[in-house]
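We begin with a single chain expressed as structure tokens, specifically the form predicted on its own.
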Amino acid sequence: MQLIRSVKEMRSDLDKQRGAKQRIGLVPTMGALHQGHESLIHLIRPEVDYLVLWLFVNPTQFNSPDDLAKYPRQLDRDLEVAREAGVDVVFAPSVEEIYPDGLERYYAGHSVRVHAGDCSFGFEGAHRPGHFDGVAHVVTCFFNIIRPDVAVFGEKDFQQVKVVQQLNRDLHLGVELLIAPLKREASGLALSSRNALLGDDAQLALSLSRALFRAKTRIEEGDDVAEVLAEADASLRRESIEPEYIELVDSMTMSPLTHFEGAAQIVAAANVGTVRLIDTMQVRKQ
């Protein structure tokens, strides 16, 4: 397995693969790899001949310098996980490689920027202004540099998946997108790189997934959606967890729902101590 740092070298390597008619796959990550990331690799690996794992902590999708600074970074371990999972090359560029004009010009609006569409409105977009513009911009960079045939994204970041699908469609990027199901720890907690930051609050964090499982069951049994979600919010607050939102949304448009048939999605974000977690669950009703 290779480790490549520069855009020029990455493109040169991929030109050779395309010359050999290799089908190229991409797993975009910010590192701190866990079993959820491994599930992405295992899902896409049979679909491609040559697999790239993008490892880049993207500063423009963070709203807080403190959050960016404390995001877990563990390159040596990530390389070992990627190697064992069957990745062919890890592309781990510097910030300067991806933002050649510098972050100050990006934030000032002087550099070319990609903006997310209406799937980014509300929820994560409302609580983290600029976050999805940062995601849309860096994903466009991924796709332009790697030019993958296939890329895989995880369902846990449900709104992000919708943003990327819209980006891919609206800009005619032509990448086949695979969506990997959310993976959970045995306790039920959604796997996340941020779980490593929970410390003594790890047990408390389980309340989030438990609240969502209860809400899912009640909604599928026909209970009033607004009432169920309000009770889920209140139950978390009683346990000193601060929900930012718990909503039922349309699985395609991210529009909030109070009534539905077929499938919908619960999306949630909450602060457990100093760590912000997100979770999601599909709800089905006939």
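All figures in this text were calculated on a predicted structure; none of them were measured in a lab. One-based numbering along the sequence shown.
Although it is not shown, the form predicted together with a small molecule is what the next lines describe.
Scanning P181, G199, G102, G109 against the small molecule in the predicted bound form with a 4.5 Å heavy atom cut-off leaves one residue, P181. For the residues V48, V228, I246, L40, the 4.5 Å heavy atom test against the small molecule in the predicted bound form is passed only by L40.
Contact with the small molecule in the predicted bound form, defined as a heavy atom within 4.5 Å, is made by all three of G36, K156 and Q160.
For F213, no non-hydrogen atom is located within 4.5 Å of the small molecule in the predicted bound form, even though that partner is not displayed. Among residues of the shown chain, T29 is one whose heavy atoms approach the small molecule to within 4.5 Å in the predicted bound form. Contact annotation: Y71 falls within 4.5 Å of the small molecule in the predicted bound form, judged by heavy atom distances. Contact between L204 and the small molecule in the predicted bound form is not found at the 4.5 Å heavy atom cutoff. Of the candidate stretches 205-213, 181-189, 72-80, 91-99, only 181-189 has residues with heavy atoms within 4.5 Å of the small molecule in the predicted bound form.
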